[in-house]
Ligand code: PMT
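Before any questions on how it binds or moves, here is one chain, the form predicted on its own, in structure tokens.
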């Protein structure tokens, strides 16, 4: 989603990961958001108010009783101003205070005022022993029961003390994804969405394969947008070089071949309310040789015998229940609309998303797309060339309002 014009309040507590927050503030403002900052006193041991003020373009609220405060009650006016609040890093101290209702400085008084009214994302960061402390775990468990609070999971890696363990603050792109998720409408809350993404690889021998140019970007964009809207997502991905931003909501299952993707789809489809089949699945596969096929002296050609792969869309369409919806994708090079409509009918789809390799800036390997959504009821929605993230939003807007 776009952050243009959004009011984001960033809270910083006293952890070494505070040094990363200026980069986040810069990124948020580049995305069009307005940013204000509040800190604990200890946060300013790691980063200066001047840095934060310069990057945010606004005074930093770090002292409840400071004479320079714009309002006498900044801890009330800032929650009134913001659309959401992020606390990063969120130390064990802040997590414990927040879960217990303690408000004794600028950051925690602001949190206490914000907690009942606005979305809050907490990004824990601390030593692994502090993270494993039963008091910290109890505080996190309690905070996760609050409907407007998201507590991110710290990551594994090298910590400030030199050991490797769980306690690192999630990276900046994950924090920004969590902010976008908190600000997105939750029109898919409580729904389970199955998404396929990427291409498949069909083995010729243990070394070679037949594949296509799909990078999985469109499918991953759809998975992230569904998660932002509150859905639980099962993402079945072919071999791609992409990462999931919010693994708490997206369960990723990696496969290689069309047959593997078909088997996983059959297992997961009964649990889903909606399936979006975005993967570029091979229609044909060779009989794989057990050993590497060697080029022979004088050989000028090689013939392969290909067989049809399982038709995932047709398989799911034939077992679709009354409460389920099935969305397909069609990438065509000619007679685009006719071929897409035929595919939708033959495979019992509720809608199909059509794009063409003849459209500049659309198709494989690029960050943009241009699509037309066709529904079984005869409706048509065209989305102009834009980022695949915005295309994913447009697809879901059209289909969830349908």
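Numbering follows the first chain given and starts at 1. What you are looking at is a predicted structure, and each value in this text was computed from that prediction instead of being measured.
If you look for the form predicted together with the ligand, you will not find it shown, but the lines that follow are about it.
At a distance threshold of 4.5 angstroms between non-hydrogen atoms, residue 40 is out of contact with the ligand in the predicted bound form.
Although the partner is absent here, residue 215 sits close enough that one of its heavy atoms falls within 4.5 Å of the ligand in the predicted bound form. In the predicted bound form, the ligand sits within 4.5 Å of a heavy atom belonging to residue 365. Using a 4.5 angstroms threshold between heavy atoms, residue 388 counts as touching the ligand in the predicted bound form. The partner is not drawn, yet in the predicted bound form one stretch among 328 to 336, 292 to 300, 120 to 128, 227 to 235 has residues with heavy atoms inside 4.5 Å of the ligand: 328 to 336.
For the options 152, 280, 182, 143, the residue carrying a heavy atom within 4.5 angstroms of the ligand in the predicted bound form is 280. Of the residues 311, 205, 80, 260, just one reaches the ligand in the predicted bound form with a heavy atom at 4.5 Å or closer; this is 311. Annotated contacts: 343, 347 and 355 all touch the ligand in the predicted bound form [non-hydrogen atom within 4.5 angstroms].
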